[in-house]
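What follows is one chain in structure tokens, specifically the form predicted alone.
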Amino acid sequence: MTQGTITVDTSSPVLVTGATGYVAGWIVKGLLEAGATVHAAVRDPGNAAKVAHLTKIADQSDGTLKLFAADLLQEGSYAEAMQGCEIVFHTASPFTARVDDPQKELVDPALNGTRNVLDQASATESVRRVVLTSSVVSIYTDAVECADAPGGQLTEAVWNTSASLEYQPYSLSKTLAEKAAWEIADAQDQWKLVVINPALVIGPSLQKSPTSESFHLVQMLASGAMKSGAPRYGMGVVDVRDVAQAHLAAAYLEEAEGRHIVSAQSADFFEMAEALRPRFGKDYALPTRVAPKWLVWLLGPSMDMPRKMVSRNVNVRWKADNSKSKRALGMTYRPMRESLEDMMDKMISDGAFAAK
């Protein structure tokens, strides 16, 4: 059945790891609405509150949802969920900037979890394609690196070489996980690997209490935490619904291959606030001015923003080439304002913050 412009093959079940996640939820929704049988791998299928949004979608769709317990770090835990699946979407990976032990909390789950899932794919005869949710941070660490990339913008040919456990460990975790995925994929010929590299994902969540760092950022913008000024921290942004559509295209377009930068546009914190202002400026303490770089540099450490990060990203324009995603996956992108307004509407209805 067709989902958007993609024809979803519903003849065999599909596995989605980390199915309660922000991006994964929209992938599951697209698959269920297309009539697919979705094997949703989650930590605890018995936690009704965590899976409620998925079961609700299933009840309203032509597809079938089957929940499976799985642990990223437990070898063999995806065997049952993967049985009979031709397509595997591996989305499970932690996304947070606030950790005490980056090796244990970021690198190990991302790297070993990817190895675990892909090794299981090689051991499951039915698997023909794996779609990996990576990130643009496996391509770069800081916006200043864009200028050094071919043609002054990031492309799929570039790899992150500057992240470390001490600096931007999340970026390191995504880089190591994707590299491991390609090593495993290249060592076999049973299944094909296709990778999605999204920029900062924004837009409405399907669950009530999403854990993605994106929501923390928007909450900071709208709650007054940046009322004195928002930094021009260069990044790319993309709507979660567009990211999900890219995954479906990567799974079901026969010719899809390699990595894909999935980003709607370049942006920064102040531009995001400006996009929200027409609808929400009256009721929420959105920043109305740009925070000067010297001030961000001075206060950065108190806001979990190392000075190195400030110097390499603030007042630096982020640039990436998204043409492959448009050409190979047929992507069209929602404007940032629409994505942010829909995100804010959902956060408000979920009680994420009170109006001023």
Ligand code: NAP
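For every residue, the number given is its place in the sequence shown, counted from 1. Keep in mind that what you see is a predicted model, and the values were worked out from it rather than measured.
The discussion below concerns the form predicted together with the named molecule, not included here.
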Task: Partner-facing stretch of 155-163, 196-204, 274-282, 141-149, counted where any non-hydrogen atom is within 4.5 angstroms of the named molecule in the predicted bound form - done: 196-204
Open item on the list: Whether residue 93 contacts the named molecule in the predicted bound form should be assessed with a 4.5 Å heavy atom distance threshold; does it?
Closed with: yes
Open item on the list: If we define contact as a non-hydrogen atom of the residue within 4.5 angstroms of the partner, is residue 72 a contact of the named molecule in the predicted bound form?
Closed with: yes
TODO: Would you check, heavy atoms only and a 4.5 Å threshold, whether residue 20 touches the named molecule in the predicted bound form?
DONE: yes
Open item on the list: Can you tell me if residue 134 lies within 4.5 angstroms of the named molecule in the predicted bound form, counting non-hydrogen atoms only?
Closed with: yes
TODO: Have a look at 120, 214, 171, 266 for me and say which one sits with a heavy atom within 4.5 Å of the named molecule in the predicted bound form.
DONE: 214
Open item on the list: To verify the annotation, which of these, 308, 289, 317, 43, has a non-hydrogen atom within 4.5 Å of the named molecule in the predicted bound form?
Closed with: 43
